[in-house]
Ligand SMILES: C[S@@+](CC[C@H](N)C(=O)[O-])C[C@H]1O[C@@H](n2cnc3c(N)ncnc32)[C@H](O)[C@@H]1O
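One chain comes next, on its own, written as structure tokens: the form predicted alone.
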């Protein structure tokens, strides 16, 4: 039996946002590998083995998947959102680069998914309608000084920004520092969107101005979108629309 590894994105949460390509790979798999809550999104069935692991063992998880594929298993490594955005695709290729030569000959494919920032932006309107960047605020794999520098440069360039992993129990203070930096550099009416658990039953969308934003409005299930200086709110009955114009004046 010829094995393979597919690194797949399960989207932000709703079953309807999993692509048909990913669904087909899940149907063909003999093994599912991933972080515990993501693996549990895959329905058990006869002949399918589920391999759950903690969120700090990405390289071990990747090596396990590659070894199973080498043994002829059909392995899907699952991530939420898109596997290439702060997720497992990079970990698998890091393992391939550092591992035995034979891993480089394996059939390895990456199947895209709808990442959290795009699902959140769609809920709000079009806040990423012009140039934007995405920054992971976790300092587990990079020093805070790098995060601070990239934030300052993104603010200077007037990008709209998407923040992943803004605040956790282990990192309760970092997002407050981000808000302080934004307040130093941006107008108080800068638009901010707190999008939590988009497309799930726990979905919550808060649209506010920078002067109203508080650290406790974010957690690890929240993506924070910060508009550029041009981002606008269209008030209406119910939730407003947020969009960033497609053009920048000369």
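Not measured: the values here are computed from a predicted model. Numbering follows the first chain given and starts at 1.
What comes next is about the form predicted together with this ligand, which is not displayed.
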As a check of understanding, the residue in 208, 185, 36, 220 with any heavy atom within 4.5 Å of this ligand in the predicted complex should be identified as 220
Contact assignment for this ligand in the predicted complex, among 179, 111, 85, 134, heavy atom within 4.5 Å: 85
4.5 Å heavy atom contact, residue 192 to this ligand in the predicted complex: no
Using a 4.5 Å heavy atom cut-off, state whether residue 164 contacts this ligand in the predicted complex. yes
Do residue 225 and this ligand come within 4.5 Å of each other in the predicted complex, heavy atoms counted? no
Is there a non-hydrogen atom of residue 116 within 4.5 angstroms of a non-hydrogen atom of this ligand in the predicted complex? yes
Just one stretch in 126 to 134, 76 to 84, 98 to 106, 152 to 160 has heavy atoms within 4.5 Å of this ligand in the predicted complex, so which one is it? 76 to 84
Only counting heavy atoms and a 4.5 Å limit, does any residue of 175 to 203 reach this ligand in the predicted complex, and if so which ones? 195, 196, 197, 198
